[in-house]
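Next comes just one chain, in structure tokens: the form predicted on its own.
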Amino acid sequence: MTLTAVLTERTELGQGLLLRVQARPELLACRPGQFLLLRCGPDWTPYLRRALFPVDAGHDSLVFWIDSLADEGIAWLSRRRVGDVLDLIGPLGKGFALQAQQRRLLLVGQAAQVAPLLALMQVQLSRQGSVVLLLQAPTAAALLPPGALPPSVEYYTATDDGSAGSADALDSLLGEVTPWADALAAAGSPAFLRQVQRRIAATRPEPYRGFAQAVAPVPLPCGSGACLACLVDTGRGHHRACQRGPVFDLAELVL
């Protein structure tokens, strides 16, 4: 469904930008892990819409985090001003699912893909659950500032250059915290998600289905399953991530 939303607020967050839009009820139904397709140009340049995951949903608004301006469409979106009207399609796909008994949530991600994890964090905190966030980035500047997170969230970081923790230390911490968690949600590159899979296998010899979920690391250009760009191998066949996902049981993903 194509809808419009009005940009009501712009806020810098680390190296990124938070955009809040006043949204209709249809958009507010977006669950953590679902996405929306935004037209990022005045006409048909660039031609394809951009898939964005809301980081939060209020009583009348959605919040998006733009973490990189390298893409032409996202750069255009970053230049919008308060009062501008955005063109959106969604919500699309299948999001995260948390069970009532899953009270301790471990979030593991790379900074560039953290948006759907932040939305899930808000849901878990709203039901008085516990949250630990492990975040990796190329440099300290690319990480979320600690002040941007609720005080109740335990936050640990690692960077490729070692400026805010080492990747080895984060991997060890992942092994230590995984047994504590009732549920794990991950988002990142295929290599990053393979690392999470290995740690789960080493620390939870008998992981139950539904313990670990992940956002499939594939492009989501059309949202309708027509382009086949988002095919995901689950070991039991290939599936369109924009239809069956983009959130999958991590144990199913062949990365």
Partner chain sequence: MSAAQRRESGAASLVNLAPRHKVGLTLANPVLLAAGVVGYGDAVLPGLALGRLGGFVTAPVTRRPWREALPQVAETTGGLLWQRGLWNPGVRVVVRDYGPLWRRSRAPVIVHLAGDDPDELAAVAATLEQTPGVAGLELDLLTPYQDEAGGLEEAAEQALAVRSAADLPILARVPLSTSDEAVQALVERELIDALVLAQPPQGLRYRPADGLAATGHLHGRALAPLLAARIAELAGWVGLPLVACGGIHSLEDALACLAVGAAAVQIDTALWVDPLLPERIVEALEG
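Numbering follows the first chain given and starts at 1. The structure presented is a predicted model; accordingly, all values stated were derived computationally and were not measured.
Just so you know, the form predicted together with the partner chain exists too; it's not on screen, but the next bit is about it.
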Q.
Partner absent here, but in the predicted bound form, which of 225 to 233, 185 to 193, 58 to 66, 198 to 206 has residues with a heavy atom within 4.5 Å of the partner chain?
A. 225 to 233
(Q) By the heavy atom within 4.5 Å rule, which residue out of 27, 37, 212, 216 makes contact with the partner chain in the predicted bound form? (A) 37
Q) Is there any non-hydrogen atom of residue 238 lying within 4.5 Å of the partner chain in the predicted bound form? A) yes
Q: Using a 4.5 Å heavy atom cut-off, state whether residue 92 contacts the partner chain in the predicted bound form.
A: yes
**Q.** Exercise: residue 31 in contact with the partner chain in the predicted bound form, heavy atom 4.5 Å
**A.** no
**Q.** 4.5 Å heavy atom contact, residue 48 to the partner chain in the predicted bound form
**A.** yes
Q: Could you list which residues of 11 to 33 come within 4.5 Å of the partner chain in the predicted bound form, counting heavy atoms only?
A: none
